[in-house]
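Take a look at this one chain, the form predicted on its own, written out in structure tokens.
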């Protein structure tokens, strides 16, 4: 218990001491991403819009996936997924990328994956502009429940930090993870109800069970519920799938909080043990 208290106090002191460095790293990544870009930050708004147009055409028309307010349905779910994908993909090599600093001065190594997650969070904030615009154009009725949007975003952020700590630590020892993770993300994306509604796989018990074991399913569902509450389709046919949005319950919050907290705790434990030998592998 005493070791845990000391570890927590050290974490707080390190966070205060190195917060300027964290800010500078985020600022550096922001400048690098939009350097020599004509549209600059506007790309963070245009990119999800253009992707939404392609997905809407392919799945909404060619593949006959009919969901009411499909453009908004897709973009709301994709916002959470893109945040997770970007945060973890960048964090994966963050410790390796910070090797020059790690070898020169002492600093908490967790600052590198944490910085990437914060940077991805900023990019997500810009993409929310596109989300709101598409929802209004698509006829989604705004409700007071949208004020709860920061809650699932926070849960997702905590989950991203925990998962990023694990991923970045393992990548220091096993570089092949950099190549395998892209494949894993592709499979993971299709096992998350972003493009399709859960009602389309209700008859497949195995696939439904796999999807419900997916942590991102709960974060995406929570975010959709608060963003699209009140826009309920009550009719279901062979060509059109019903999607129901409900106010998140206490159980929903406990599930999301539990997944995020356990992942963060596991990430901290794995990272703290692995970082002792980072210097020998970077």
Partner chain sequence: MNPNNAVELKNIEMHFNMSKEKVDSIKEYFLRFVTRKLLYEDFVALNDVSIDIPKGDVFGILGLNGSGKSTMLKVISGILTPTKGTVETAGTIAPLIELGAGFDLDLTARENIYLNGSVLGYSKKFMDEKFQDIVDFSEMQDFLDTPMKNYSSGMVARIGFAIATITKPDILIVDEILAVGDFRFQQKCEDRINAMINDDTTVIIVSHSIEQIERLCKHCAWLEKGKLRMIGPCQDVCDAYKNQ
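The structure presented is a predicted model; accordingly, all values stated were derived computationally and were not measured. Residue numbers count along the first chain shown, from 1.
The same protein also exists as the form predicted together with its partner chain; that form is not shown, yet it is the one meant from here on.
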Only one of 173-181, 199-207, 80-88, 142-150 has heavy atoms within 4.5 Å of its partner chain in the predicted complex; I'd like to know which. 173-181
Quick one: does residue 266 come within 4.5 Å of its partner chain in the predicted complex, counting heavy atoms only? no
Using a 4.5 angstroms cut-off on non-hydrogen atoms, would residue 101 count as touching its partner chain in the predicted complex? yes
With the partner left out of view, is residue 25 within 4.5 angstroms of its partner chain in the predicted complex by any non-hydrogen atom? yes
If you check in the predicted complex, is residue 261 within 4.5 Å of its partner chain, heavy atoms only? no
Checked 118, 211, 107, 128 for heavy atoms within 4.5 Å of its partner chain in the predicted complex; positive is 107
Its partner chain isn't shown here, but in the predicted complex which of 247, 54, 32, 251 has a heavy atom within 4.5 Å of it? 32
